[in-house]
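The chain that follows stands alone, in the form predicted alone, written as structure tokens.
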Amino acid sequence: MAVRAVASGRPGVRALRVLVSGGAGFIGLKLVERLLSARHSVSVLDNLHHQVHGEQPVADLIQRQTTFLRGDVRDASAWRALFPVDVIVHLAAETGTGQSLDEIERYVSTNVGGTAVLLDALKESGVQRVVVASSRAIYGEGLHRCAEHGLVSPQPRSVAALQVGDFEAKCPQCGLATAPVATHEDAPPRPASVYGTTKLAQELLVRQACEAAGVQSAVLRFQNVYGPGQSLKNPYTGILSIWASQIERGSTLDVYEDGRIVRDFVYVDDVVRALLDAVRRPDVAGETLNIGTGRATTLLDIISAFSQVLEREVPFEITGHFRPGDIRYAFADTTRSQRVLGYACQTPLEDGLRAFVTWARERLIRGHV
């Protein structure tokens, strides 16, 4: 079933009616910009959470060129006020691994409950496709290779082990240290945090409800997204924004564990391209796709890249600090997204960091954080 297009009011141009939850946020705003430039009709549902948006007003683009509703995803009337639509891109969620362990009800209520409210309203929405933003957090430690047992999926690391500096993921069969490999979409989910668990629940709910309603669905599992527009004051927005702020203040960076935590840092423009494809392409229906670079980058690699971009040494200290629920190794196998979408990360880390640091510096100088 192809997604139905509607006339855009311009000769020869066909458009979709797209509802983006979280559309005023970091990824959402850039997606909205691209949708509007492609002549799609866009509605936005966003609660403008202070932790993410601070005191900044909603972007002029959102106010003037979309149907914008400030509302909560747990409010059925907010969703219904923006119907009918052809495609829903569900980005709105509480994020942050550490915070999710301290605010369990808030995360479950928003991420799981809010998604359930949306799905209850599917039949009256007119929607033909739901695209949900998921996370690499659902994999936990992902796939590893044990010298004795081959490919394995380690259990989450215990607080007791982290407290004594034992940071490595272990083979669940023999208990020996393992070597990480890129994690593909068929790896068994083993979320190590409440956040990861809520994202897995979102995926399952969307699949089940959409299938029952005869609606297409697609799941995109984002790796660590970064770039201009990220919140510089939200402590749960990601290590790059935290470090960028600390570098501008002249602080010494606190490097967790032994500095060899691995992440897959993917530039926001590459993520938005994947989202656009998920909105428009019929062959994405039913797919679950990793969206990352496939490149394993350590915290020490990031510091080196910051130093290269800034052309000066960045002071840091490896402290051994850790966060319960944190994942040691996370990087994506993007083979399937390459095959289905023709997706490839187009932004090298150094180029993305340069754009991000330039933007962050200007914001911090002006006090617009």
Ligand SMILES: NC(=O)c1ccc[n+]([C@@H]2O[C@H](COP(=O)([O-])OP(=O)(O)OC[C@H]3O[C@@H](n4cnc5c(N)ncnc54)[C@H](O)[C@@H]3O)[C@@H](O)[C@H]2O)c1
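These numbers were taken from a predicted model, which means no experiment stands behind them. Residues carry their position along the shown sequence, with the first being 1.
In what follows, reference is made to the form predicted in complex with the named molecule, a form of this protein that is not presented.
Just one listed stretch, out of 139-147, 218-226, 292-300, 185-193, contacts the named molecule in the predicted complex at the 4.5 Å heavy atom level, and that stretch is 218-226. Contact check at 4.5 Å (heavy atoms) against the named molecule in the predicted complex: all three of F26, D72 and A93 pass. A heavy atom within 4.5 Å of the named molecule in the predicted complex is found for one listed residue only; from A133, V279, V127, A244, this is A133. Residue in contact with the named molecule in the predicted complex (any heavy atom within 4.5 Å), chosen from L48, V340, A38, A305: L48.
Residue contact with the named molecule in the predicted complex: G22 places a heavy atom within 4.5 Å of it. At a distance threshold of 4.5 angstroms between non-hydrogen atoms, T197 is out of contact with the named molecule in the predicted complex. The named molecule is not shown here, and in the predicted complex it never comes within 4.5 Å of any heavy atom of S153.
In the predicted complex, T110 approaches the named molecule with a heavy atom inside 4.5 Å. Annotation for 322-341: no interface residues with the named molecule in the predicted complex [heavy atom within 4.5 Å].
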